[in-house]
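Encoded as structure tokens, the following chain is the form predicted alone, with no partner shown.
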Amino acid sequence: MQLRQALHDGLARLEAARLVGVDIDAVRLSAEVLLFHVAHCDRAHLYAHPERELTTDEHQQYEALIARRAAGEPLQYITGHQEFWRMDFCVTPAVLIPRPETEHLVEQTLVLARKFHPEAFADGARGKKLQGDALRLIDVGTGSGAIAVALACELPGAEVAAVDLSPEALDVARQNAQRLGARVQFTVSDVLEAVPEEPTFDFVVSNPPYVGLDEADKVQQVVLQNEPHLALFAGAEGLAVIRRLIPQSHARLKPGGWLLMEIGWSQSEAVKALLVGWHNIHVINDLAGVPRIVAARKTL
């Protein structure tokens, strides 16, 4: 079968699935990406050589992947990849799929790091054992490792650690760090319980679970059915993990250190109320104007 016919058939199957209620967005993109995946080509090749014949094995593989997508499985889990911070991350059902909105967390951490620790952007320490006053960051609930790896790549003069409650998630994160050349220390931990209670970090960053069980009906079905609930839900109001993260972070941050968290769209006031005793508390909106990041500084 030719590429053009395979793409036509794939599109038709996905459109049919969507018409009967399967949650599939970007139907054409899905059909194309899966075809690129099995034919080992890109969009330019697909449209420049639509007459190229798929092998029998490629055709069968494409049909199998289209069937999975037609059943509602996320495209990222089928291909095993998701782009984040201009890097290609491996993803599995053990980890939350990294979202573009979470890049705001990386961006704001880098803004503060550049202001208070510009030396961390120097690459002279890359590949060497860092000691002394090196900038230290920890990513809590790292999942795929997207945040930690992005920060480690942007801050070669820093020490970056990451924790997650799921050993399976940490396996994915370690794979991503190795693939992308990032130096990150990974540890299994429930929030920061396994991290010594010492003021040793300059930044604690986290995209914690923040969806409330009371609002599960507002979550997309494709997310509920496929992504790990451990990384999504945090008690009735979605604040259970954040309530633990704030005091645990305070105990492990150096004086003047920063806590940055991604939050749910309606949680900014509730989270600010939990930050009693912190300074420079501010909320950063995403590009859609939705409150996305809360940053707070430990007293100097």
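In this text, all values refer to a predicted model and were calculated from it rather than measured experimentally. Note that residue numbering begins at 1 and tracks the sequence as displayed.
The same protein also has a form predicted in complex with a small molecule, omitted here; what follows describes it.
Enquirer: Which residue, 195, 78, 96, 90, is the contact with the small molecule in the model of the complex, using a 4.5 Å heavy atom cutoff?
Expert: Of the listed residues, the single hit is 96.
Enquirer: Looking at 27, 241, 39, 33, which has any heavy atom no more than 4.5 Å from the small molecule in the model of the complex?
Expert: Filtering the options by heavy-atom distance leaves 241.
Enquirer: Would the small molecule in the model of the complex be within 4.5 angstroms of a non-hydrogen atom of every residue among 109, 120 and 152?
Expert: Contact check failed for every one of 109, 120 and 152.
Enquirer: Okay, which stretch from 154 to 162, 175 to 183, 223 to 231, 111 to 119 lines the small molecule in the model of the complex, with non-hydrogen atoms inside 4.5 Å?
Expert: Contact-bearing stretch, as computed: 223 to 231.
Enquirer: Evaluate residue 208 for contact with the small molecule in the model of the complex, applying a 4.5 angstroms cut-off between non-hydrogen atoms, and reply yes or no.
Expert: Although the small molecule is absent here, residue 208 would touch it in the model of the complex, with heavy atoms inside 4.5 Å.
Enquirer: Can residue 135 be called a contact residue for the small molecule in the model of the complex at 4.5 Å between heavy atoms?
Expert: No, residue 135 is distant from the partner.
Enquirer: Does the small molecule get within 4.5 angstroms of any non-hydrogen atom of residue 171 in the model of the complex?
Expert: Residue 171 lies outside the contact set for the small molecule.
Enquirer: Taking the small molecule as it sits in the model of the complex, is residue 83 in contact with it (heavy atom to heavy atom, 4.5 Å or less)?
Expert: No, no contact at 4.5 Å.
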